[in-house]
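Just one chain is shown here, as C-alpha cells, and it is the form predicted on its own.
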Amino acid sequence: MTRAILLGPLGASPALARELSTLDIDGPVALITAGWEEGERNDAEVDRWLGGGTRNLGLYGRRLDVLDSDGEYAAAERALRARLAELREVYLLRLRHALAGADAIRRRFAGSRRHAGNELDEALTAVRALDDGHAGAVASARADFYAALPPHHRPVIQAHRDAVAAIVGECAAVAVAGGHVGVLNECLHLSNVSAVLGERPLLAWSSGCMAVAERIVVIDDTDPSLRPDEVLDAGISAIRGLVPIADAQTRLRHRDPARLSLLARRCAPRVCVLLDEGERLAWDDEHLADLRGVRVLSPDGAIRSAAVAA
C-alpha cells in the first residue's frame, strides 16, 4: 500500500465524498461491504457518497458460493472453525486469570510507598505471551488448513480470486466498509485481497479499519458476558503499526486508566488508535502520515490526542 485513510463510523455525514476528493484518483472505486453479510449489496448510499460507479467485489456472496460449491472445502472449514473456537475458549479462560492477576498486583500496591513496577511488568509479560501465543496458534491452524487444501488448487476459489483481481485491476482505489469484523476478515483472506491491492489508495471505515490492520483486537464493553479485550485474528496487514479501535465511544465505555494502560502496553509497539465518528487517520508505507485527527491510548492509561502523546 502507498496511502490509506482510516475513518471512524460514518454516521449520517457523507465523509467519504470529502475523503475521496483528497485521494485525487481517476477511475472507479472497488467497494467491499462483506461485513454487512446478507446486506452486502445494499450499498446505494455508499456508492452515491463515493461518486457513483463503484464496483462491489461481492466478497460475502463469493464466500457463500465457495461453501455451496466445494463440499470438501466447506467440511474442512467447519472443522477449522471448531478448532479455532477451542483455541479461543482456552485463550479467554487463561486471559481472564492473567488480567485478574495483573489487576490484583496493581491494587495490592495502590497507595503503597513501594512501586509495583517489576511485578506489573512481569504480569504484563504473561498477558502479552498469551496474546502472542494465541495469535500464533490461530495462524498455525490456518496454515495447516491451507496446506491441506491450497486455495489455488480449488477451481471455485481460484475463479473468484481471478474475478476479484480483474475488477480491482480496473479500479483506482479500494474502499472497505465495516460490519462484522470476523466475517469481513474471512472474506478478505479467502479472496486474497491483500495480494491485489497494489499501490491503490485504500479508504476504510469503522471495523473495516480493524480488518486491514496486522492484528485485530476486539473490545466490546457492551458484551453482557464481560469478555476481556482479546486478540481475534490477523488482518490483511495493509496497514502496519496500528491497532484501530473502531467506535471507541461505544465499545470502550469503561475507561478505567489501569485497564487502558494495560491495553496500550499489551499492544505495543503498535499504537492503539481510537476512531469515533468524525475522526480520521492518514497512513502511508513509511510512517503515520497524519495523526492530528485521532486520539491514542498512552501507556499511562490516558486518552490523548496523538500530537500530545507524541
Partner chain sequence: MIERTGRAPRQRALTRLRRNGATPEAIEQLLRESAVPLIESTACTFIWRGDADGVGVEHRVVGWPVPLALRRMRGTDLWHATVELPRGSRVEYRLLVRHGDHTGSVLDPLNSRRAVGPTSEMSVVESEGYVTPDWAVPDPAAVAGELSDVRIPSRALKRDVRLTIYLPARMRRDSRLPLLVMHDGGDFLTYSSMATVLDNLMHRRLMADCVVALDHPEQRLREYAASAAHGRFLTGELVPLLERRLPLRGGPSGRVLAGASFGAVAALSAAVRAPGFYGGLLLESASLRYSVVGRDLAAGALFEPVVRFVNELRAKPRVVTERIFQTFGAYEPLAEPNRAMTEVLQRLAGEFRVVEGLDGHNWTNWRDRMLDGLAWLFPGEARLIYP
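Keep in mind that what you see is a predicted model, and the values were worked out from it rather than measured. Positions refer to the first chain, counted from 1.
Below, we refer to the form predicted in complex with the partner chain, which is not included among the displayed structures.
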Looking at 23-31, 241-249, 42-50, 266-274, which lies within 4.5 angstroms of the partner chain in the model of the complex, counting heavy atoms? 241-249
Looking in the model of the complex, any heavy atom of Gly301 within 4.5 Å of the partner chain? no
Find out whether any non-hydrogen atom of Glu38 is located within 4.5 angstroms of the partner chain in the model of the complex, and reply yes or no. yes
Whether Pro14 contacts the partner chain in the model of the complex should be assessed with a 4.5 Å heavy atom distance threshold; does it? no
Contact label in the model of the complex: Asp162 to the partner chain, heavy atom within 4.5 Å: no
Using a 4.5 Å heavy atom cut-off, which residue among Asp103, Glu186, Glu214, Glu230 comes into contact with the partner chain in the model of the complex? Glu230
Looking at Val218, Leu120, Ala126, Ala234, which is the one with a non-hydrogen atom within 4.5 Å of the partner chain in the model of the complex? Val218
What are the residues of 135-164, in order along the chain, with a heavy atom within 4.5 Å of the partner chain in the model of the complex? none
